[in-house]
Structures are given as C-alpha cells and as structure tokens.
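In the block that follows, a single chain appears as structure tokens, in the form predicted alone.
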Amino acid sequence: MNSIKELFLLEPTMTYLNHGSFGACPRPVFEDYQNWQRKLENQPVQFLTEYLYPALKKSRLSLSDFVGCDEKEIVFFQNPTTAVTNIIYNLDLEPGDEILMTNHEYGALIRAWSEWAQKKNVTIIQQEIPIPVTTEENFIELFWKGVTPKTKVIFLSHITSSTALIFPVKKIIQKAKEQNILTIIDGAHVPAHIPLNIHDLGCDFYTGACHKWLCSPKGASFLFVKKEHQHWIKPVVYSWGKNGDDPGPTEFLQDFNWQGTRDMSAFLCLPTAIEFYKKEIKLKQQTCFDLIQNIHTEFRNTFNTDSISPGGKWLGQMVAHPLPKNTSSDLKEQLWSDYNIEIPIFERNGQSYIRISIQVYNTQKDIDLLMSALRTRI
C-alpha cells in the first residue's frame, strides 16, 4: 500500500503521471485551505480588513525563506502568466529594442510578450536551442548568439514546460549583468522541485507556481521583484493601495496585496504546504529523481528514438521524449480510456512528445503500467 498516495485527494484508481501540469493538493493542505475559506465567510468584513494582512505576511515570510529572498520582495499572483504579464506592461522600452528568449518558452507567455511587443514595436527574439541539448557550455554559447546591442531583456525558463529541461539560468544571469540586461526568470516548475535561492541566482525578476511541486491549492504563485526595481513596477490592476486597509510595510506591497475583492485562501495556506513538503516530500524526492533518470533510458529503448538530453542535471522530476512518427494521434485518449493513465502528449515543431512527471505518490508499478501500455500501442 502506498501510504503517501493516501495523503492526496487523487482518484485512487487513476495512474497520475502529470503532476507537472497543475500539481495535486494533499489532504492536510486542502483542509487548511478550506479552513481559511470558512474563516472568510464567517465574518467577511473583519477577515478582509483586519485578519488578512497579518496572515499574508506570515505566508510571505514562510515562502521568502523557502525560495531565498526577502519578505518585502515577494508579491502574490494567481499564476506565473499573470505575474510576468504585470512585468511586461511596466517595461519602458524603445521601438527596435529586443527581448531575448529561447524557442522552448511557455506558449501562453510567448503570446503575452508578442501581443505587447506589436503595440510597442519591440522585437521578440526566440533563439533556437536545438535538441538534443548537449552541455551547459554549448547551451550558453548558442543562446548568447541572440544577444545584440539592442537586447534589453532576457526572459528565460528555469525549467521548461514542454521539453522539461533544467536550463543553466544562473550563468546566463551573470553574463546579462555584465551587459546591463534585465533578467526575468520563469520558474513556474521550480519551487519544491529543485533547490531554489533567488538571491544566489541574482536575477531581477523571478516567478514561480506554488500549486505545482509545492502542492498548494490552485491559484497560488508569486513574483519576486528586486528592491531596486520596486519603484517602477506598478500593478496592472490598481486598487486602494496605501489608502486602503493594508498597514504596510511598503507601498509596493500595498499596491499589490489588494487588487479588489478576491479569495486569497490559497496564499494563506502556503506555510502548511511548505511544512507538508518538508515532512512528507523532501526526503523522498531522490527516489523521484532516480526514477526519472531510469525512465529517460527506458523511453529511448522502448521507442527507439533519441532522447532530447543526455539526462543527468538536465532533468528533475519530469522528462519529455519524442514519440515515433507512426504514433496514433489519439494516444493520450487511448491511455486514459483503456488504462486510466493521465499523461500529457503534445506536438512541438511537427514532432509528438510524451512527458512524464514523477511525484512521491508514484511508484515503479505506475511506470511499468505505462511502459506496458505504450508497447501495445506503439
């Protein structure tokens, strides 16, 4: 019996191999979430004008310690897409300036950048990083070829969504600093997945999702804004700010904490989510990493297709792999309807990929079922 799986609310007959998309909230965290919602509804006025702000501070303190920054540098957002969009609409760039990213970035954010860039006559450069990737040095060399005198901002995933690769962002950030280029890091998949110390990275902005690997309720993400930038980063949605009920401690936080009436319960149970991670997940993560390395090899042997990385430090708790050309277009639906396996299959540049996520509730039995199913369908 998998006792850790019983702590999650997932349907027990399902083989869930897609934690990376939306996470999964464990029972103790979900119960804390519901408790906050009940407190809100018991006395909405007192909760939203008095009790909310000390609770938000407690969450900021807990999360900032967990991700390696100062409490006054974090603001909460429902998701990383919203957080990055708020940065985008604060940038003061000139026509012809360039934003550099890779061709592995998250599709919704590529669209967000592109829509804004068209209005501002700013150029988006998606530097091609061909797969398979090889070494960090080769990655950095290829990426840096996209830098020109017009490059003002680098936007880069820490862990990519579709290709599930861990990029060497720290070295890119260091090079960007030398040329006075702003760095915005999309770390949606990072918190509680791989070690994170934002101050050590040295980036200007960093966003992460808490509902993925930290297993908080949906709608809990954060944006780190370096203190030197806080005077010019303003909310896209203005509300009461310093004229409202928020006692502080800074106008920057006041502007972002309250953006109209909403349920902030997902943010308030982050201390519980972090506690659950430290108690139930952290010590078991190495097993997840080891399983992914094995799956990386097994995918290659099963499909007889080349891996998109050499494995090792390119991978965390996810791995994506190209499927053979003759794979049925409804493979995802077949795996679900015939085997009750939830796993994403997607197309990128005309090639179909499968991506597996391994969380502590997964076992070798789950992997064996997937591989057996794939061998009957490929």
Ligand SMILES: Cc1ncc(COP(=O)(O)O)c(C=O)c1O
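One-based numbering along the sequence shown. Values in this document were obtained by computation on a predicted structure and should not be read as measured data.
Beyond what is shown, the protein has a form predicted in complex with the named molecule; the following relates to that form.
Enquirer: Please pick, from P235, P80, G241, P217, the one residue with any non-hydrogen atom lying within 4.5 angstroms of the named molecule in the model of the complex.
Expert: Exactly one listed residue reaches within 4.5 Å, namely P80.
Enquirer: Please pick, from M101, L109, I88, I198, the one residue with any non-hydrogen atom lying within 4.5 angstroms of the named molecule in the model of the complex.
Expert: Looking at the other structure, the residue within range turns out to be L109.
Enquirer: With a 4.5 Å heavy atom cut-off, would you call S161 a contact of the named molecule in the model of the complex?
Expert: The answer is yes: S161 has a heavy atom within 4.5 Å of the named molecule.
Enquirer: So in the model of the complex, does any heavy atom of N257 sit within 4.5 Å of the named molecule?
Expert: N257: no, not in contact with the named molecule in the model of the complex.
Enquirer: When the contact criterion is heavy atoms within 4.5 Å, does L268 count as touching the named molecule in the model of the complex?
Expert: Although the named molecule is absent here, L268 would stay clear of it in the model of the complex, with no heavy atoms inside 4.5 Å.
Enquirer: In the model of the complex, does K212 have a heavy atom within 4.5 Å of the named molecule?
Expert: Within the cut-off, so yes.
Enquirer: When the named molecule is placed as it is in the model of the complex, which of 182-190, 121-129, 272-280, 68-76 ends up with heavy atoms within 4.5 Å of it?
Expert: Residues of 182-190 come within 4.5 Å of the partner.
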